[in-house]
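Here you get one chain, nothing else, as structure tokens; it is the form predicted on its own.
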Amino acid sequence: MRSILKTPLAVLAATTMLGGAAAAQELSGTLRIASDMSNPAPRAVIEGLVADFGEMHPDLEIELTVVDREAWKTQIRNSLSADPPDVINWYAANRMTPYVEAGLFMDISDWWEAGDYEGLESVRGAMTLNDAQWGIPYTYYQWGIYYREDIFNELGLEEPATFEEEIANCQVIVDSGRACYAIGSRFLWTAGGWFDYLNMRTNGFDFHMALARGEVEWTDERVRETFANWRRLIDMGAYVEDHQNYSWQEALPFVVNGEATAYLIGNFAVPHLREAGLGDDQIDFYQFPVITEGLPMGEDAPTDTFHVAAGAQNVEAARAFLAYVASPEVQTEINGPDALGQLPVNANSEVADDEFLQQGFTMLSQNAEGGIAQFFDRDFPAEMAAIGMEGLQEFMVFPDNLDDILGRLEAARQRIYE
């Protein structure tokens, strides 16, 4: 075998885990994979997947191209249009729509029907558009508030259950000379996370998804109420200054150094906090608190996916690779705390014995009665998401611009959803 990569992760070395067609097939030719798993832990995972899959198929050459995660968002269409790879990774639900409608993703419904993805039945809907399936999920993860437990203890604070308790905690934190929240909004999507939670907690999951579908005006008073709740935090100085100049990674040191006590973020931030020297006795997690009593709690739990390009040349190898990634054993390993540090999608996988993964699993399985959202820039159409997140970041920096921002977003809604 000639493979571009030959450095498997130790946790993925046991290729005997896999049974079925993926392990038994004789594959040959070249399998080309393009991935945006560019951060250190995800990159190690995709490189390990490629190396281990290659060892299972010694006559198969595998070429892996890893693209910067942010750059991939603008490059994916060109990659799929001109000399496309066989397999790419992307996102579930609405984020698939442009590439499905453009005929750039392969319809793999027959593979689902053939039983390639046992254990993924519950998430089939997230991969379905136009009554067909267009890929497979390999990981998902909770969002929530990760905080410095040791600083909470120092200040005599407890995890808040309501927004009023959150505000009260924040005031104590601000009075201590710290910011309540770190955030890096240079790439905009982190501001989308704040809007998701404030809107779901103010108006409910169903309202939030109706807004994402273009069924609600951005100038609606209920949307304004969401921004009013957000402004309470902005006006009290809850966020680190100049956050528009930081990426999400560049804002992590504020938490590590104790200059900010919390971060509304996905569980992918935990390995970075640990690597920076914070122990699990210093970090903890809680669900975003209630704002409007009686509303079922909705959660952001983005799902990452693999797809086969419509122009794939080695479809047989691509099918086998997707079956391999979807298997319960592989999903258990790649989502463990030493790998992605996220949650496996396969119902037959095991959730790692990790404090934050266990908390996230419990929250999503037991305390997310409202529903599971994919995230602002995945639930809203791409153009609306881009314009919307620009407005959200602007609001965080210039909250007095709200009327102008909502006017622009409403004009965009009327144009985009027509």
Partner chain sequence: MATAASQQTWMQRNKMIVTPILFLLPGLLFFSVYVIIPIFQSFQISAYEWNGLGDLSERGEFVGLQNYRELMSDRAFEVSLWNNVKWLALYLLAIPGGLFIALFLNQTVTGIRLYKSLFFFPFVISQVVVGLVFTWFYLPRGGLLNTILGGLGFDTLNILGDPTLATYGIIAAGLWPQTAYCMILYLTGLNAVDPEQVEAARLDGAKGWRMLWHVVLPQLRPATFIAFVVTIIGALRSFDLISVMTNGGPFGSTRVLSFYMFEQALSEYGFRMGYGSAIAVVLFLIMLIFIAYFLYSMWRDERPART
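Numbering follows the first chain given and starts at 1. Here, rigid core means the biggest group of C-alpha atoms that superpose within 1.5 Å across both forms. What you see is a predicted model; the values in this text were computed from it and never measured.
If you look for the form predicted together with its partner chain, you will not find it shown, but the lines that follow are about it.
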Would residue 390 show up as a contact with its partner chain in the model of the complex if we use heavy atoms at 4.5 Å?
yes
Its partner chain contact in the model of the complex: residue 213, any heavy atom under 4.5 Å:
no
Does any heavy atom of residue 246 come within 4.5 Å of a heavy atom of its partner chain in the model of the complex?
yes
According to a 4.5 angstroms non-hydrogen atom cut-off, is residue 104 in contact with its partner chain in the model of the complex?
yes
Which of 164 to 172, 266 to 274, 68 to 76, 337 to 345 has heavy atoms within 4.5 Å of its partner chain in the model of the complex?
68 to 76
Tell me, out of 254, 117, 147, 143, which residue has a non-hydrogen atom within 4.5 angstroms of its partner chain in the model of the complex.
254
Proximity to its partner chain in the model of the complex, single hit among 195, 205, 99, 152 (heavy atom within 4.5 Å)
99
Quick check: do 95, 398 and 408 each get a heavy atom within 4.5 Å of its partner chain in the model of the complex?
yes
2 Å or more on the CA of residue 230 between the shown form and the other one, with the rigid core superposed, yes or no?
no
Cα of residue 258 displaced 2 Å or more between the shown form and the other one, core superposed?
no
Tell me, please, whether between the shown form and the other one the C-alpha of residue 70 is shifted by 2 Å or more, with the rigid core used for superposition.
yes
